[in-house]
Each structure stands twice: as C-alpha cells, then as structure tokens.
Ligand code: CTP
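Just one chain is shown here, as structure tokens, and it is the form predicted on its own.
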Amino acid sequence: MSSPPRPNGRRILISAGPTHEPIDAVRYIANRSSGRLGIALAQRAANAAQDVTLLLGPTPLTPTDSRIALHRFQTTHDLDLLLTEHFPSCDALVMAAAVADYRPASPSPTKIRRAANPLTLTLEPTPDLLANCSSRRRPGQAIVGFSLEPAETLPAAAREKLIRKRLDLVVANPLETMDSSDIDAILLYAGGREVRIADHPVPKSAFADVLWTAIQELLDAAVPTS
C-alpha cells in the first residue's frame, strides 16, 4: 500500500485490472484486462491535486505516484470488500475493473490432479458490484462504468447498461481494446448525449485526459440521482 493521498481535492475512487477467481489452489479463471487505463486516470487525477484511491487487480502494472492510495485485490469478493469500505466517502467512482461475471462455485483448497476423465466446473454468477454501488449512492456522487462489447452491438449494449445500472456515464469500447495500449471509445451520458472521442484508436494515456475532463464536468454539475 502506498502513502495516503493529500488531504485536499475531491475524493476519486478508481478500480482497475482483472479479477482472478480460483479453481483450485494454483489455477484460476481470469481475463486479459491490463489495468492501463485505470492507472493512467489515477495519475491524471493525482496531477490535478485530487484525493485518489486506486483499487487494482492482479496485473504486473502499478502506479509509481506516491500521491495515489493503492489497494490491491485478487477476487471479486476482495474488490467487493474494498468498495464497501471506500465507496461511501468518495465523490466519484470510476469502475474500470474487468470484474468476472462468473466464478467456480466450489474451488478446491488443494491442487486438482490431472486425470484421464474430463473436468467439469460449475460456475456461479458473481455479485454485480457496480449496480450494488449505484443502489446505495448518495446525492452528488458520480458513477462511471465501462462496457466492453463486440463493435456491432456496442452502442445499444452500453446504453442498456447505463440505464439499467443508473450510471452517469458509460465508456463504451470494443473488445479489441482489451489488453491494448489504445482505446476506441464512445462516451454515453445519462442525459442521452453521446461523444465519440476520435475516428481512430487513441493511447489510453491520452484518453485518460479526456475522461478526467468528463468526470470533472459530472462533479461540477453535482446533480443528485433520485
């Protein structure tokens, strides 16, 4: 854990990276999320003198700025506990973490040995952490989600997620951007506004500047959610 943030500015809570859901003592289900965008956004917010807390999953990347309060997680359950602790006091939550939709229902506490017969895993749905945060938000909090979908269904799926989870903003990006250094994003707002960042992918570090500006606008508007 890094040093605590400076006691000034708005409180920005960012989650980033994948989750690892254990199958047994050595194996897990995961995804290719790198955490690059969340780390870049945390750095951008810290440079703007905000109080930044980054919840970062199992990725080899890590922020180097001591102004960022860093907390690591492995599983969806770990992240749920961190959100329970940190979400109530934040002004904005940016849920960039790629949380697993399913996890093994009964992970083995030891290593499962290789056998000639097929191995069948029973998966159970994980809690919807973003929807859970949205359901207990207080007036003035801004919540930003992400939608990763095939390009042909992306706008409709992202808009549905925005409405269903009662978010202020969704960053919609196609599947090809996962684990990439670039992003091809569309910003979808609760009020119906849609902003395409560029007609080509841009570096995630540059997109972090655009997203930070959008988050500042949401916080400045400070419209309570009913």
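Since the structure is predicted, the reported quantities are computational estimates derived from the model, not experimental observations. Start at 1 with the first residue shown and count on from there.
Although not depicted, the form predicted together with this ligand is the subject of the following passage.
Contact with this ligand in the predicted bound form, defined as a heavy atom within 4.5 Å, holds for exactly one of Q74, T84, S108, T126, namely T126. With this ligand left out of view, the stretch that reaches within 4.5 Å of it through heavy atoms in the predicted bound form is, among 116 to 124, 134 to 142, 100 to 108, 84 to 92, 100 to 108.
Taking the partner from the other structure, this ligand in the predicted bound form has a heavy atom within 4.5 Å of a heavy atom of E149. Taking the partner from elsewhere, R44 is found to have every heavy atom lying beyond 4.5 Å of this ligand in the predicted bound form.
Taking the partner from the other structure, this ligand in the predicted bound form has a heavy atom within 4.5 Å of a heavy atom of K161. When contacts are judged by a 4.5 Å heavy atom cut-off, K165 counts as touching this ligand in the predicted bound form. Residues are counted as partner-facing when one of their heavy atoms sits within 4.5 Å of this ligand in the predicted bound form; in 172 to 198 not one qualifies.
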